[in-house]
Each structure stands twice: as structure tokens, then as C-alpha cells.
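Starting off, we have a lone chain in the form predicted on its own, written out as C-alpha cells.
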Amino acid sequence: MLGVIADDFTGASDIASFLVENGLRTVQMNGVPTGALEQEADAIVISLKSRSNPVAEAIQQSLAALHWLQKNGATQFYFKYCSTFDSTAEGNIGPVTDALLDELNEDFTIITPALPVNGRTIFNGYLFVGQVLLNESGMQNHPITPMTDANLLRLMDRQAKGKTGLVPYADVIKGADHVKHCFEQLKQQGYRYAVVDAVDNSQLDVLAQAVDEMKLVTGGSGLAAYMAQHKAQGKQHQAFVPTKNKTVILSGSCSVMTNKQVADYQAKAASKWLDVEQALTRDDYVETLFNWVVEHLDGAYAPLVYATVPPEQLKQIQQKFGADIASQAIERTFAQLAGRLRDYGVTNFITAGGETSSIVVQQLGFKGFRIGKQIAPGVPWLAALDAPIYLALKSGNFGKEAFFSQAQEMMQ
């Protein structure tokens, strides 16, 4: 019923978890599959790594995903981006949205990254994180996609080729039929996209009804949860949890919440900082990290390897080595370490940060996942389709401070 194109791996598992929680049998695929889907599903989520790569590459990947979803029976399509709407100045949210609209021969869609359960709300077109505007939330310090404006209309207009209008809160609370009327008015006025206010879940429920027949929907995972509710019509599916076994935590995110989560976890378990300079200069650094992890696998909680640092330290690292060089060194080290640990027998991987999660999944090479029980809103356990491996892929700001220990306490 629903084909989802997600612009990173944590975002894909985020939306997949909400679809499962709300009654849709969901499969998450690692990249665009080469063959047909081999099992029944109500929703398919294709996870790409298209958030911050070149625009043309992001468009090509997204269109390839769309074509595969069409061939495998999807009738409605959802372009999933982060609830913090983070992207580069040039894209890729706007250009990918335009390409998908053109390919589907459609001329209108919505922009709704709201996820109230995690504090992402929209009012008068401005995106809030908790009680503060997006650009005051810590996202202005993101190492790859810093966000310095909270106005979604301005952000979309800078990236996309059409005009962005607003369906404000006062209109949304009048119900789905009124919201549909607002869409028609905006289309007649020449708008190609509509930012829709949502300050709590009741507005997302209204919006889910209003977009029921819209061919392309774009947004965060919050709206998808309510779309799933309406499509599933009360069906429920039992979600799994992982088996207790060798576990490791790899944290590359430098978000405000991940910094708190790392600090909380360091009081409970062994942890080791991933030193960028050593990653760049020592050929044996991955082996050093691997040996350290192996030495600490038998503790009450799993060992943590982290590149997570506060904003001031992150700036110092970027100034010393260059932002791109530092990020690539961290990603490469995590990828190689994950591969070594998988070969050693580690079966449970918990990762923090979209880039870290993406590179780890790519290195481990799974074609797709079954979606399990949520650890926190938007963060489920995943089971690889083609190996006895479990993963939890956490977006930077998701989860509470005790997330890393809570994830392990769910294992049976």
C-alpha cells in the first residue's frame, strides 16, 4: 500500500518502526533492491544515503527507488526526511521532491517533518525542537548539515523550483475536508508545496486523512504513523526483540542528546573515544579499537566506541583536520571496526548518528531488515533478512539519556 523512500538509514528505520507499531507489515530494504520482493508486506521502506551527497546523485537514487517500488506494487509514495529537515543549502529535500513529483506527473505535495512525540512541531511554518526554534536547538552546530533557519517555507523555496505555501494551525484544526480545500486553493494560486502546521498528534491525524489520495507525500515519520493507522484499520503485528549475545555500541553523532546519552552510559560501562588523529595516521588503529572491544565484551553492558564530542571540541577537530576529512576518517574507522567485529561473532550492533549508521549498514552488507519492537519512538530493533544480526540505528537526537542501556535491557 505504501512505498517509502528514506534519505538515510536511521530515518528509514524510524519510519518503518512507526508503520509496524500502527499495524502495517513492513520490510526495510538496504538501498534499491535488484530483484523482486520475496515476501508479503503492506509497506516497503527503501533506505538510501542521499541526504548530503551531490544533488544529481540523490535524485538518481531516489528515482531508482521510486521505479522499484512502482514495479513491486506500491500505490502511494512517501519521501521521508529527518524531523529536523536538515539538508545542505542546495538540497537535497527540494530537488528530490521536485524529481519525484515530475516522475509521477504530479504538481503538488506537502512538507510536514513534524514529530510531536519527539518534540518536533510546526507553527506558522516554523519548525521547533522542544521549546526552541530549530536553529537554536543545537542543529546549528551539525557537522554536515547545520541548520541556521527554522522557517520551512524559506528553506524549501531556496532548494526547490516551485513556491511554498502554508496551511496554518487555525485551518488544520477545522478538519480533513477543510485541509483538502486549503490544498486546492494553494494549487490554484500557483503553489507547488504546502507546509502544514502540527503542534500535536491530533493535527497529524487530520492531515493523514487529508492526504489519503495524494500520490506523493513528504515528511517525517510522525505523519506516516497516522497514515498507517488508517490503512491498517486496527490490525496489529507482534514485534520481536533481539537475543542476548555479543553487543557493541558505535556512536558518531555529536547531537545534544547523544552527548547526554554517552555521558550517561560512561557511568555504567567501558567506553573508548575514537581519536581522529590516530584514525588518520595509524594503519593499525582499527585493530587497536577491535582488540579493546573484544577485551570488554563480557561486561554487564556492551563496550562503547564513540566519536561524540561537544560542539566546542567538534569545532576544534574540524579546524585542525578539515570537516570532510574528519568525518570521512570517523566513518571509515567505524565501518572497518564493524566488519571486524561481525567476523569475530558480534551479533548486536547499536549505532548513533545517521552517517555512522549508514556506513555500518553498508559495510555489513545486508539487503534488508525485519522491523522489531521500538526502543524509543522512531528507533526500533532491526533483524537482518540474510544473517542472524540485530541492529538499532539511532538518529542523533532520538531517545532518552539512558537509551544505550535501555536497548540492551530489552534483549531476551
Ligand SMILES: O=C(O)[C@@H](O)C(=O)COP(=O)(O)O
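All residue numbers are counted from 1 along the displayed sequence. Small disclaimer: the values here were computed from a predicted structure and weren't measured.
Just so it is clear, the following notes concern the form predicted in complex with this ligand, a form of the same protein that is not shown.
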- [ ] Please run the contact check for S83 against this ligand in the model of the complex: heavy atoms, 4.5 angstroms, yes or no?
- [x] yes
Task: Contact of R370 with this ligand in the model of the complex (heavy atom, 4.5 Å) - done: no
TODO: Would you please decide whether Y390 lies within 4.5 angstroms of this ligand in the model of the complex, comparing each non-hydrogen atom pair?
DONE: no
Open item on the list: I'd like to know whether T10 contacts this ligand in the model of the complex, with contact meaning heavy atoms within 4.5 angstroms.
Closed with: yes
Open item on the list: I need the one stretch from 29 to 37, 382 to 390, 352 to 360, 56 to 64 whose residues put non-hydrogen atoms within 4.5 angstroms of this ligand in the model of the complex.
Closed with: 352 to 360
Open item on the list: Suppose contact means any heavy atom within 4.5 Å; which members of 42 to 79 contact this ligand in the model of the complex?
Closed with: R51
